[in-house]
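In structure tokens, one chain follows: the form predicted alone.
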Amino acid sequence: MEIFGDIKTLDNLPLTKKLLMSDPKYYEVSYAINVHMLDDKGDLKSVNQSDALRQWLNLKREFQSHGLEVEVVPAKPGLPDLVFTANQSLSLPGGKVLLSKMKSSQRAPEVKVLQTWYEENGINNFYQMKNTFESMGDLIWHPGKRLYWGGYGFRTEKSALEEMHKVTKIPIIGLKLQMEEFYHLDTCFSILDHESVAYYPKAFDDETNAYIKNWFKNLITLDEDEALLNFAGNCYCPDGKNVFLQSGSEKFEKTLRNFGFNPVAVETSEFIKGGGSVFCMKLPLFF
């Protein structure tokens, strides 16, 4: 675990209600860059593209029906993972955008697609990350505060968190990941409100677990099967109340209700084949 910056006094930051998604026209599993992309025989998983489109449209509608505005980046041939818009860029308060440096060569061209989209929408203040950095796959805002929780160890480098802090002056609490199934922080750690976190403890070492327990009042530990197979940790709570999550996580949904949250179950099974779910499929925008 590493801390970059001063976390004793944190500035307030309003929640954003604007999200960026990318349509799944060319989404498929055409290569393997995480363990979820392979079946039990070691073959690439097969995507039902009509089901993927239906699931994506339903998620978009659910976001919109809960008061969120959604912008859409058009799909591009040859970039099947463009649909996971949490990864290629980072929108910052004030209109600045950090451009990711993707670990895999297959996904690297996605960054330019996002830069072009920003430029077409009047955003021209960019910073290109020098260290491997996969944006909100490994960066999670602390609700209402100018503070990030950052993951490192599989995709984003620890040095990238330090670089980002130097560029943005936003403090970051860096958490080291230790299970390849949870290669991004957003697959196993979701902050629901200022006092509540849902996470899978085995994804972190003892020091990190102790720190998480000390920070949050309400700790929701995810069931192993729901975390591993149903991507329960890849949920998204944009408003401290509604929690968008993959359907079928019955234990997690019950616990959320007990803590006063409203589970909004959606089907993202086709995208789980690519290693992502609800949180991966959107990026909060600050403009």
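The numbering used is simple: start at 1 and walk along the sequence shown. Keep in mind that this is a model prediction, so the values were computed, not measured.
Only in words, not in the display: the form predicted in complex with a small molecule, which the text now covers.
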Quiz item: Which one, M37, A52, L228, I220, lies within 4.5 Å of the small molecule in the model of the complex by heavy atoms?
Solution: M37
Quiz item: Any chance all of F84, R107 and G276 sit within 4.5 Å of the small molecule in the model of the complex, going by non-hydrogen atoms?
Solution: yes
Exercise. Using a 4.5 Å heavy atom cut-off, state whether C280 contacts the small molecule in the model of the complex.
Key: yes
Quiz item: Can you check whether G150 is within 4.5 Å of the small molecule in the model of the complex, heavy atom basis?
Solution: no
Quiz prompt | Contact test in the model of the complex: L68 vs the small molecule, heavy atoms, 4.5 Å | solution = no
Self-check item: Partner proximity in the model of the complex: G174 to the small molecule, non-hydrogen atom cutoff 4.5 Å
Solution: no
Quiz item: Can you pick the stretch from 178 to 186, 201 to 209, 89 to 97, 118 to 126 whose heavy atoms fall within 4.5 Å of the small molecule in the model of the complex?
Solution: 178 to 186
